[in-house]
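First comes one chain, alone, set out as C-alpha cells in the form predicted on its own.
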Amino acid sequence: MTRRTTRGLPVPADFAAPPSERRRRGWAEADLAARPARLGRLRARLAEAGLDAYFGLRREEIRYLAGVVIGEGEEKVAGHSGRFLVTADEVIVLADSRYTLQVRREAPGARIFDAPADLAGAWPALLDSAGARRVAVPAGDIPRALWEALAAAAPGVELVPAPTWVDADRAVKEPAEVERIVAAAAVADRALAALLPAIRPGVPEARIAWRLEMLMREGGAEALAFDIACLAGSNAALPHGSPGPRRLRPGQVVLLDFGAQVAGYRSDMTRTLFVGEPAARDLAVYELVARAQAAAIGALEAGAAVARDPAALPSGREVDAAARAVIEAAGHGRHFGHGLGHGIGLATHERPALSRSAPDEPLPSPTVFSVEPGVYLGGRTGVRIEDLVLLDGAAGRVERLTRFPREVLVLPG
C-alpha cells in the first residue's frame, strides 16, 4: 500500500478535464426542465397538509426551486432578497433593486415582490397578493424574532412549522446534479495532483492552501466549496483547523481538506500526505483509518447489492458504526469524535447524515455523500481520508467519485 518515492505520483492528466461550456449549458437546461417536478412535489405536500404556501429563506432552496443564484455569504448583505413564496400556481421572489434584473433573467416565470427592509411591514400585502392564509415556514431557517414579527403582522394568517420537505428532496440527486458533483471532484483531484511538487519542507501551511485555491479556480472551479484546511504535524489533530504560518518539516503528515464548486455543486475531499519518511506511529494510524473507510464502503456495497428494495439499504447510522467499530477495536474510539460523513450538493453539508445520531432509516437513493473517518491524537498527529461516494440502490451501485489515490503517498522530505 505504501509508496516511498515520488515515482508514480498522480499528475493532473490522470483526472477528467474541466467541463466545457456546452456541458455547463446542458446542466442549466436540465435544471430548467427539472423545476416543474421539484415544485410539483412541494405543491403536492402543501395540498395534502391543507397549506396555501411555502415561505423559503435559504439560498440553496431558491436555486433548486426557482433558479435564482445567491452566493454563499451573500445572504448577509442581501436583506430579504432571495426569500420566496411558493403557492399552488406561482413562485413569488422577494428582490430589491439590486436583484431585480437577476431574478428576471434567472427565474423568468416568477413574480417579483419588492423586498422591503421591514419584511413584517410588507408581510400582509405579500400574503394577500398570494391569497395565502396558512403558510408553511421552515422553523429551523428563520430567527424566532422574525417568526414572531410575521405572526404579529398578520394575525389572521397561520404560520405552520414546515417539515424538511425540500431538504429531503434535495438529498435524492438527479443525474445532472451527480454530473456536476463529479466535475467538481475532478477539479479538486487535478488541483491536488498539480500541487504535490509544492508540498515540501519549509513551505508554510498558508502558502500551500493559497496555491491549492489558485489551482482549483484556474482549473474550472467558480468558487471554493469551503475554506481550505492545510494542517501539518500536530496541527493535523485539529479536524477543522485553519492554515497558518507553520512551516512543513521532514517526517510530518500534512492534512488537506478542500473542495471545488462547479455550476453550483460542490466537492469535498481530504488527503493526508507524508513529507519524507513516515513515522511508524503515523503510518499505523493511516492504515487504521484506511481500513475503517474500507469497512464503511463494504457496508454500503453489501446493502446496495440487495437493495432493489429501497428498504434494504443501510442507514447512515449503520454505515458509521461499520467504520467506528474498526477504529474502536484498535483502541482509538475516543480519537474519532465526528460523524462519518454528510450529503453534498448545492451545500457542502446537507442530507443524508452518516453518524451515530443519524436517522435509523435507509439512506436515500440515488444520493451522494462523504465517507471520512479520522483519528486525531492531540498534540501529536492526525489522519483523515475523505472520498465522495455515489449510492444508487436501484442500480446496485456504489461508486467513489473522488479519484485521487488513497494509498500512502510519500513526498520528498
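Quick caveat, the model's predicted, so the values are computed rather than measured. In case it trips you up, residue 1 is the first one in the sequence shown, and so on.
Beyond what is shown, the protein has a form predicted in complex with another copy of the chain; the following relates to that form.
Residues of just one listed stretch (170-178, 212-220, 280-288, 247-255) have heavy atoms within 4.5 Å of another copy of the chain in the predicted bound form: 212-220.
Three-residue candidate spot V11, R25 and A30; no residue lies within 4.5 angstroms of another copy of the chain in the predicted bound form by any non-hydrogen atom.
Distance criterion of 4.5 Å from any heavy atom to another copy of the chain in the predicted bound form singles out E74 from the list E158, D309, E74, E328.
Only one of R200, H338, R133, R111 lies close to another copy of the chain in the predicted bound form, with a heavy atom inside 4.5 Å, and it is H338.
Among heavy atoms of H349, some come within 4.5 Å of another copy of the chain in the predicted bound form. The closest non-hydrogen atom of R59 lies within 4.5 Å of another copy of the chain in the predicted bound form. Within 4.5 Å of any heavy atom of another copy of the chain in the predicted bound form lies no heavy atom of G333.
Another copy of the chain in the predicted bound form comes within 4.5 Å of no heavy atom belonging to P124. Contacts with another copy of the chain in the predicted bound form, taken as any heavy atom within 4.5 Å, map within 138-169 to A139, G140, I142, P143, R144, A145, W147, P161.
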